[in-house]
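In the block that follows, a single chain appears as structure tokens, in the form predicted alone.
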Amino acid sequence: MSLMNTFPSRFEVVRDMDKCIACGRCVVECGHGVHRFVKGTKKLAADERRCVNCYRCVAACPTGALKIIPNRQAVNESSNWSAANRREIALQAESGGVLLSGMGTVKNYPLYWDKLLINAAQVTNPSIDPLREPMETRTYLGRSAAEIRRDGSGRLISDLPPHLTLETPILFAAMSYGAISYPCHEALARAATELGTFYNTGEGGLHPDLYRYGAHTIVQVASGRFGVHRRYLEAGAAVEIKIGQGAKPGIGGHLAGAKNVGDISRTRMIPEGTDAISPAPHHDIYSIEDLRQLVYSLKEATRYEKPVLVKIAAVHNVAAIASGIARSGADIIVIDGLRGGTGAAPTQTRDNVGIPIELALAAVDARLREEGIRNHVGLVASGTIRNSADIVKAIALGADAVAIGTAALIAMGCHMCHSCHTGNCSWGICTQRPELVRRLDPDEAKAHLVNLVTAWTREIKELMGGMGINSIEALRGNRLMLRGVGLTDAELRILGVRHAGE
């Protein structure tokens, strides 16, 4: 007997037979094949071992007959051996393979956002009413001027390198076409255009139909160089070199062959059905000098008209790495933290490699300021940005803007079942199965993204007004507006904030 057959499933499918009308809607809606008709009958059964609790069947049931609950079967556990540990061992004992997972880590690492409080203006520094007074959420990403210069006539000299102008300090993070569906990519592109911000193609190239949104597109160059060609580089407003990402530092990309179909294989310029594997390193980058060469090769290829971003994972020496990147000629650094999401990553890498974005961001900002080069680059933070308060705290820790990925997917309908790598997403987001892809309406998804970012932008204005601050620029790196609770001296030192009450 299979080991996994002797191990309880994670979830139970509870069907109220008094309510169930055996319509079969659950069979149609489930992308994971949980529900089925018992052969030769009109009775429904469920293979609970396939269930990932994506909620689709529950939402679609016309009579409310279904409920998915954690399995109530008792499992022998100890403080060292949880049910999850044992389930992983059983899976690998049968398969001999590396376990893959989607989304971000499920481990309970500290969320420093929740241990940081925002200061508020009172009598001596009055608050600002954003409904009646101007509040600037526009931000610029790129190299800033070290000093104001004027020509002989007194006019400002503005010969700065290319910038990205964001009407709100929120971008959509890199998610590749293939990892997510075409309607999902289209919704991100259209929402970014309407909001006056940017979305990122990820490492899968850019579908020809989306070139028209190029003014709000960041095109990515990863180690596999999938879909990278001259027209692609010229299509975007900026070019990003992906070195690493928070969910899998030191690991390359992987798109399963089952997802590499049709337009995806043509966009990536690789044979249909083959696994798209990006190597862990760029084989032309083994030093900051090598990185500098690629940065300037991309600038040359785009006639020095577009800023170049470099995306790195948050690791223990991230401040020193960022210092080198700032000196390489890159215009913007994107730092992706431990809790960042992904379409697929080795489970042990996702759960055990990297450091939280809050600590990495604070360390990088402090290092660049100490070296007098903070204005040489823009800083973007990503990896568990859950609400507008997280954004305000990130900017106060030194970010110019944040990138959201998981939050954007949730806005479009994601239920975080951590099964993106299977390609069976019942909500049409992380799948390429045509019958599932059709479930995501790009018009509705775009509207939800616009609503989310609009709401967060309004809340950012409210929070800044309460702090007595009227612009993102005045908030950037302003650690005096933060106080820590329940943090150690080392954590307070790295974050650069005082404890509450000081």
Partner chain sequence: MQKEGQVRIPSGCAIVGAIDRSGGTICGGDMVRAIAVMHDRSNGLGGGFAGYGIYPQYKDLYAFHIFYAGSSAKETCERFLEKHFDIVNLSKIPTSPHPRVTDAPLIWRYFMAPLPNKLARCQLDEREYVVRCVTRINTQMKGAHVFSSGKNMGAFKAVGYPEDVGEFYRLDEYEGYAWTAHGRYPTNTPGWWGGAHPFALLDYSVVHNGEISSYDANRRFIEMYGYKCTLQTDTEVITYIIDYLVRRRGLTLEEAANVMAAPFWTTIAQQEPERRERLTFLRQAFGSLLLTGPFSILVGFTGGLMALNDRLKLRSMVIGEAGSRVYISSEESAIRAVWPDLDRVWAPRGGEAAIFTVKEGA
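Values in this document were obtained by computation on a predicted structure and should not be read as measured data. Positions refer to the first chain, counted from 1.
A second form of this protein, the form predicted together with the partner chain, is not displayed here; the remarks below concern that form.
The partner chain in the predicted bound form is approached by Asn470, whose closest heavy atom lies within 4.5 angstroms of it.
Mapping the unseen interface onto this chain, Ile251 falls outside it, with no heavy atom inside 4.5 Å of the partner chain in the predicted bound form. When contacts are judged by a 4.5 Å heavy atom cut-off, Lys299 does not count as touching the partner chain in the predicted bound form. Of the heavy atoms in Gly372, some are within 4.5 Å of the partner chain in the predicted bound form. Put simply, of Ile264, Val318, Leu368, Ala192 only one has a heavy atom within 4.5 Å of the partner chain in the predicted bound form, and it is Leu368. Proximity to the partner chain in the predicted bound form, defined as a heavy atom within 4.5 Å, holds among Leu160, Ala93, Leu111, Ala280 only for Leu160. No residue in the set Gly196, Tyr213 and Val221 has a non-hydrogen atom no more than 4.5 Å from the partner chain in the predicted bound form. With the partner chain omitted here, the record of contacts in the predicted bound form names 150-158 of 78-86, 384-392, 150-158, 179-187, defined by a heavy atom within 4.5 Å. Residues are counted as partner-facing when one of their heavy atoms sits within 4.5 Å of the partner chain in the predicted bound form; in 465-486 these are Met467, Gly468, Ile469, Asn470, Ser471, Glu473, Ala474, Arg476, Gly477, Asn478, Arg479, Leu480, Met481, in sequence order.
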